[in-house]
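Next up is one chain by itself, shown in C-alpha cells, the form predicted on its own.
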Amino acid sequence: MHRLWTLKEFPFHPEKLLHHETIFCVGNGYLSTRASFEEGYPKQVPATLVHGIYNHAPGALVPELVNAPNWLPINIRIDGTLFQLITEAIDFLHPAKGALLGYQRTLDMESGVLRREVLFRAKTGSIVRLVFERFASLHDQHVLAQRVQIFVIDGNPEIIVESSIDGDVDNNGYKHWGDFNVEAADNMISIGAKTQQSGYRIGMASKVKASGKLRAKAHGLQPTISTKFTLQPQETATIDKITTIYTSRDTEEPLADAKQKVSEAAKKGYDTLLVKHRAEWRKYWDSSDIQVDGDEEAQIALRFVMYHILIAAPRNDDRVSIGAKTLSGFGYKGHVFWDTELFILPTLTLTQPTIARNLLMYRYHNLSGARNKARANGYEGALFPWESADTGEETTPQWSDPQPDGTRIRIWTGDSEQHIATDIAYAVLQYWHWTGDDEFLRKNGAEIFLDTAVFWGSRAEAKNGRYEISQQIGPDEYHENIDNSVFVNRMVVWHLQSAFNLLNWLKNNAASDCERLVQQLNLTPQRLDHWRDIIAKMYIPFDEQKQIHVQFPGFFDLEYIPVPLYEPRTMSVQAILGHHRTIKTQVIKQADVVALMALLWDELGVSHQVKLNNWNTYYPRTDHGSSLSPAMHTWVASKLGLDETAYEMFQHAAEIDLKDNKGNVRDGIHGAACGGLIQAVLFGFCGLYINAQGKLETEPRLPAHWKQVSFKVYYRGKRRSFTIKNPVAVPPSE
C-alpha cells in the first residue's frame, strides 16, 4: 500500500473519534458508511446513508437522509473478555481486564478498503492480533463486505464471535424506521423496515463464514449469527461477513432481493468480491487521479478529496444528487445545495462525465419543484430550491436550531438566495461545452437553462430607467436581503445573454426542440425583447473612481473589521463577533466578487487591473467562514499571479477535512471544498481552459516547489492527457 494513497491513524486517538469516523468513510456512490468500530465505542456515531432515502420525522423542521440499519457490528470475546478499545493505563502485573496494546488504522484510497490492526490482551493473559477490513463494493453497489482475522500470539484462547445487524438506529435522536421484519435462519440474518413518513422500504441481509458451528438468532432489532472455537498459539481464524442492501427505490421487494443477493455474494466469497472491487476502482482512478511531483501533502490531499467525491457520486441513479456533506454525516440533513453544481459537478464533468450528467438530470427531474417555488413567490419560470431533497421542493428550514441563549435565528436563504437558479444553469452550459453532449442539451439541459432565464426575466425590477434585483443573498451569506448584489445582477446578465446564444444554437442544430421549448416555455418575441432590455439596462454596482465592483450598494458604509488581525483562530469571525453584529460589518463570509471573477473571468469584460483591485479590496475582508471559500480564492489568486497567496489558500482548502481546521468534520465531509480543490488545481494552477477556437489550452502557474502535474480530462468524448512541468521548480523552504 503506497503511502501517497493512504490515510493513517496511529496510535488510537479517541479525542478525534468523530473526525476520523468521517474521513475514513467507505462508500460506492450508492451509500457511504462512517468509520465507526465493529465492536462499538462510547459516543461513536455509526451511520450508513443511502442516496435518496429521506424522511420527515414528527417535530423535525425538515426531512433528512435516514440512517440505515448498522451492518457493522461484530463482537469478539477472547477467553470471556469482550474485545473493546480500552484506553486506560495498562497494569502488566495485575491484568484485571483486557488491555489495548497496539492500534493502527489505514484507509487505502486507491482501493477503498479500510483496515484496522489491534493488539489486545485478555484478562487471562492471552494476546491476539485482530485485523479488521471492510469495503463497500464499487463493482456491485448493493454488496458490503467485512473480514476479521484473529491471530493468536500467546495462549490458546476460546473465541466467541457475534455478528449482527442493528436496526435500532437514529439520526441524532430521531428514529425514522418502523414496520420491522426481523429474521434469522440458516446462517442468514435480515431486517426489513419502512420509513414512517415517506414510506421508503429497506432490506438488509448478512451471511457469515467462520470456524465453529454457526447459530442464527433474532434478538429484537439485532438479529445475530454467533460461533465459538478455540485457537492454538500462532493459529489464525478468519471471519467473513457479507451484507447486502436494497431499498424500494431499487426494487419492489428490497428484503427478498437482499436475501437473494447475499446468498449469491457469499458463494463468491470475500476474496473474489475484493478483486472485482479493486478492479473497478482502478478504472475510476485511471480517469480521476491528479499526480503531483514535488509536494507529497498536496498529492495525498488531492487523492483524498477525489476519493470522497467518487464515493458520494451516484453512478447508476439520475434522480439523486450529492449533498453538501456528501453521504458521510448528518450535517445539513443530507440536503443538496449549490455546492454540487458550482464546486463538485465541474470536477466530475472533466473526469467522470456520465456521473456529471446524472447530477444534472436530478435537477431536470425536479423542475416541477423549481416551478412550484417560482409560482409560490409570484414569479414565472423555474426557481430551484436553495436546499433540495428527494421531492425537489424547498426544504430549507426557516429557523435555526436553538442558540446557546435559547433563541433561534431566522434563516433567509430559502427565501432570498436565488442565485442557485443561475448556478445550475452555469453547470448545464459548462457540462455541454466540455462534453459536447448535444442530446442532453436538446432534451434536458436547454429546458433547465431557459426556464430559469424565464424566472429572472420576471424577477428583475424596472426602476428609474434601469433594472434592479432586490432582497437577495449572494454567496456572502453574512449579508442578508440586500439589494443589487453585484454577483447576482452580473450573473443574471450572463444567464440571459447565454440564453440567446443557446436559442440560436438550437435553431440551427435542433429546430424541432427549439420550437418545442419556445412553445412550452412561452418564449414570445415580447419576452425575448424584455430580456434584451434587462441585459442592456441591468444595474451593475461599480465604483468608477476606485475601479472596483461594489459587492452591493452601501457595503462600504458598514463597520470595517480588520479580519487579518483575527489570527490565529479556529472559528469564524462571525462566531467571534456574533450574528447580529457581523451583518452590520464589512466582513465577508466567502468568495463573492472573487467568485464572480472566477466564473466569468474573460466574459466579465474588465481589465486585469480591475480584477486585481477587486482582489485587493475583498480578500482582506473575507472571513473564509465557509469551506467553499479558500479553493475559490486559490483559483483566482493563481490567475492573478499572486502565487504565494494562492498556495496559502490551497493549503487552507486542503486541510479543511484532513486536519479539521473548521472543527466540524464530525458532521460530514465538506463536499464543495473537495470539488473546489480540484478546480483550484486544474483551472488555477494548471490554467486549463477552452479557447475561442474550441481547443484545450493551459496557462500554468504551478507552485514554485511543484515539479510537475499530470492529469486526464474528458473533452467532447475523448480523453486528453496533460503533463505540465515547472521549469523553475525549487524545493520548498524549511
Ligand code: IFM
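Each residue number is its position in the shown sequence, starting from 1. Everything numeric here is computed off the predicted structure, so don't read it as measured data.
Another form, the form predicted together with the named molecule, is not on view; read the next lines as being about it.
Chemist: Hey, in the predicted complex, does residue 589 get a heavy atom within 4.5 angstroms of the named molecule?
Modeler: Residue 589: contacts the named molecule in the predicted complex.
Chemist: Spell out, yes or no, whether the shortest heavy atom distance between residue 120 and the named molecule in the predicted complex is within 4.5 Å.
Modeler: Heavy-atom contact with the named molecule at 4.5 Å: absent for residue 120.
Chemist: Answer yes if any heavy atom of residue 339 is within 4.5 Å of a heavy atom of the named molecule in the predicted complex; otherwise answer no.
Modeler: Residue 339: yes, in contact with the named molecule in the predicted complex.
Chemist: Would you check, heavy atoms only and a 4.5 Å threshold, whether residue 140 touches the named molecule in the predicted complex?
Modeler: Contact with the named molecule, no.
Chemist: Between 615, 332, 539, 434, only one gets a heavy atom within 4.5 angstroms of the named molecule in the predicted complex; which residue is that?
Modeler: None of the other options qualify; the answer is 332.
Chemist: So the named molecule isn't shown here. In the predicted complex, which residue out of 265, 309, 324, 488 has a non-hydrogen atom within 4.5 Å of it?
Modeler: In short, 324.
Chemist: Just one of 579-587, 444-452, 621-629, 513-521 has residues with a heavy atom within 4.5 Å of the named molecule in the predicted complex, so point it out.
Modeler: Looking at the partner contacts, the answer comes out as 621-629.
Chemist: At 4.5 Å, heavy atom to heavy atom, what parts of 642-668 sit next to the named molecule in the predicted complex? List them in sequence order, or say none.
Modeler: Residues within 4.5 Å: none in this stretch.
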